[in-house]
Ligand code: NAD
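Here's a solo chain for you in structure tokens, the form predicted alone.
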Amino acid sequence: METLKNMIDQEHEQVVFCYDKSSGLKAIIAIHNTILGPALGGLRLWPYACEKDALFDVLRLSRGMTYKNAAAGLNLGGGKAVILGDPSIKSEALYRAFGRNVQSLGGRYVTAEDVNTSTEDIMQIREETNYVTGLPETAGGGGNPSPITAIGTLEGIKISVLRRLGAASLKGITVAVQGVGHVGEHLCELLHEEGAGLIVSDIDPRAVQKMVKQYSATGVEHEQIYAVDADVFAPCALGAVINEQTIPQFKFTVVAGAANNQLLDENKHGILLKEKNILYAPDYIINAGGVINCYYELIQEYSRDSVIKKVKNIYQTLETIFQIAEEQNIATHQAAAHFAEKRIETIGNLQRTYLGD
């Protein structure tokens, strides 16, 4: 496994492997870029088949956080952490051992919740480090960021539908939501309130039935979601679901969802969507609501109204990115990268000026 080569290829600054015998902790922390500020990104607990899979995931996710934070206008770099383990087996010792590793980095990485971790888990990590965000409201934090992420995703769907379909309203628009967990469930509620029709899938059939009952959604098997008749595909589960096997099945005109790293191969599959005239809302732009929520908590200026106002700017950010893509005749994922990289370069130049480099 060529860890250093992978780091160099993706321009990571640091990768830390963490192990604690007594708690069973096996984790990887990846810091991609800290030009704009400390690297912030959530902690994912997942039963990876092997160390190679975990490294692949954490490197992709941390790089995505750099672009997400930059494009959202936050003074944060990009990082991510993964724990290799069974999500059904959690312990205070596991999270506190992880917290000690975070503390050892001296603030270069700030952790938060992600897949299979919760605000309660973050509180246990906090026992060992101050470099955490996404705390529950009872501890003075912003609480669960999932509803905020869903608000931003809704804004992204609105501008995408307007841009591609010319519809100023989501009434009568059909959205296929893949994954109705924390974010997906809240998104379904918002879409239902907007008058959209829903087709949903999830690996948990109980979650699907809940959406069918509450929001009159049509439930389908997990793998069937790619071929349904819908205007919008909203991936809200795990990444890499847009690939050479799934794209040929698409009848959608818009892809706009909350999942991270939706494109298996960013360039190949982003361009393929463009060639099929499917408008793609880049994932790290549309799903930035959660990290915006965490950022305001981190800088100790938390206000739900301020957070929601900032999150709703995702509409304008995507509008700008779609315009860049159109003017330069490039795919939207390329336009988003240019948008984020320009801010990193601009602020980086300012910092070098101030530091006398």
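Definition used throughout: the rigid core is the maximal C-alpha set that superposes within 1.5 Å between two forms. Residue numbers here begin at 1 and follow the sequence given. Predicted model only: the values in this text are computed from it and were never measured.
Just so you know, the form predicted together with this ligand exists too; it's not on screen, but the next bit is about it.
Heavy atoms within 4.5 Å of this ligand in the model of the complex belong, among the stretches 179-187, 121-129, 161-169, 244-252, to residues of 179-187. Listed residues Arg100, His222, Lys268, Lys276 were compared with this ligand in the model of the complex; His222 is the one with a heavy atom within 4.5 Å. Taking a 4.5 Å heavy atom cutoff to this ligand in the model of the complex, the contact residue among Cys236, Ala196, Val110, Leu263 is Cys236. For the chain shown alone, Lys68 is a contact residue for this ligand in the model of the complex, at least one non-hydrogen atom being within 4.5 angstroms. Interface residue remark: Ala93 is not counted as part of the site for this ligand in the model of the complex, having no heavy atom within 4.5 Å. Interface residue remark: Ala256 is not counted as part of the site for this ligand in the model of the complex, having no heavy atom within 4.5 Å. In the model of the complex, no heavy atom of Gly77 sits within 4.5 Å of this ligand. Residues Ser201, Asp202, Ile203, Asp204, His222 are the members of 200-229 with a non-hydrogen atom no more than 4.5 angstroms from this ligand in the model of the complex. Superposition of the core reveals a Cα shift of 2 Å or more for Thr117 between the shown form and the other one.
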